[in-house]
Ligand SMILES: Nc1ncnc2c1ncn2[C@@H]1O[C@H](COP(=O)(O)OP(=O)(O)O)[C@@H](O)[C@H]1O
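In structure tokens, one chain follows: the form predicted on its own.
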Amino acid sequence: MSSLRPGLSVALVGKDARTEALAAACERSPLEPRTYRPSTTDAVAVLAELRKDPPDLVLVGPEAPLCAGLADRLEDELGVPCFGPRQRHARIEGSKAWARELLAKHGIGGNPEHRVFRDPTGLTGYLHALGEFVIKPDGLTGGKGVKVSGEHLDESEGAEYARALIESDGVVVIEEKLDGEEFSLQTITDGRTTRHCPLVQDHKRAFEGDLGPNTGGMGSYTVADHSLPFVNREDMAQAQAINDAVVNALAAELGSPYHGVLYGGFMATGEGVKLIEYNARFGDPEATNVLSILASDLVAVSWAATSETLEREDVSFDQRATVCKYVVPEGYPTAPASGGLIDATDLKPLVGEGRVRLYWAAVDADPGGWRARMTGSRALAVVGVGDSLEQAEQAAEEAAQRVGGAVRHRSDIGTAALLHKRVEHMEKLRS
């Protein structure tokens, strides 16, 4: 492994707003790294590109190359440290069944009522006993394979779907349907030391008022105290303790430490915090929130995570709020238009004032430009930053409204009205 030094080369794998946020944070590093990006996210192709001129450090945005073993091959074949877990550790995201069974085996709290089925025996009876249920495919589905009773299917349809997953994948996870408010805790770790990021709440539904189909995430927010209005101290402590315990369990189970970001998707319920799922990397859009207010040197922090020296690094975040609003093509997500022009030129003053950060996503454009062609998915993450959530939301909304093109966004993300609904919901559940 080469040394951490000024001017080191950093390769960033990914083509999304999350990777743009990683790049922006690296560019703020006092080490003044030379950053570049492979032209693909395919693990084999990335390795072939980097083999020609190996970087000093690699940061990986999306999950697919990690689950395909990119970190293993970078470290074993090229001797290049990777801020992202090895394939066996990335299984925490790549297999929902394995993740549930890991928590159960190590006695870690937060598991909802669930069963892993590898054959259909008892499946129908379990669905009936749960009443309200969630059916999850085992592997990576981009968030699109999960089916919920009452929303997507009834009991008989659920049994049919679960049997089909057993037939195709050999396994299916069935869980109780939870009632509460979701939040995310992203934890940077070297497998021994953990550094927790501010809590984030994402908004999956396509339209205002949490209506419409699920998406990859229409936006998200953090508040200045790094908690959330509907999360109490016990909830936050419980989520952090679960992530800490899972980091330790991964090391014990696999015989080696987890390097990178462990992202816990949690739900605050009337009975405490429950784990929805784990991801093996920063979230998108959640990364845009926390990296926009990261006060520490991301390059140094990433290096420490790969070299198991994170205890020497202070990982701190500005005491400011953030609101991310994704600007998407009209028709997204069911029938999005592609090829249309998106124009962010009118946002230059807001960016110059430091009130707004821009992170391009599903577009054909050179990073750092102001205009691009949309490719059909989430096009531009607009992040407002302010001393209060109100200031951050106003900045994000003003910026999103200034974006030109056949586009739309969710105007209610980060607003007082939407937060009030979240707080009321949790107060009712806790009472």
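All figures in this text were calculated on a predicted structure; none of them were measured in a lab. Start at 1 and count along the sequence shown; that's the residue number.
Separately, the form predicted together with the ligand exists; it is not shown, and the next lines address it.
Looking at Glu313, you'd find every heavy atom of it more than 4.5 angstroms from the ligand in the predicted bound form. Contact between Glu175 and the ligand in the predicted bound form is found at the 4.5 Å heavy atom cutoff. Residue contact check for Val146: one or more of its heavy atoms lie within 4.5 Å of the ligand in the predicted bound form. Within this chain, Lys96 lines the site of the ligand in the predicted bound form, having a heavy atom no more than 4.5 Å away. Only one of 315 to 323, 299 to 307, 241 to 249, 134 to 142 places residue heavy atoms within 4.5 angstroms of the ligand in the predicted bound form, namely 134 to 142. Think of it this way: in the predicted bound form, the ligand has a heavy atom of just one of Leu347, Met236, Ile276, Ala280 within 4.5 Å, and the residue is Ile276. A heavy atom within 4.5 Å of the ligand in the predicted bound form is found for one listed residue only; from Glu157, Asp169, Glu182, Asp210, this is Glu182.
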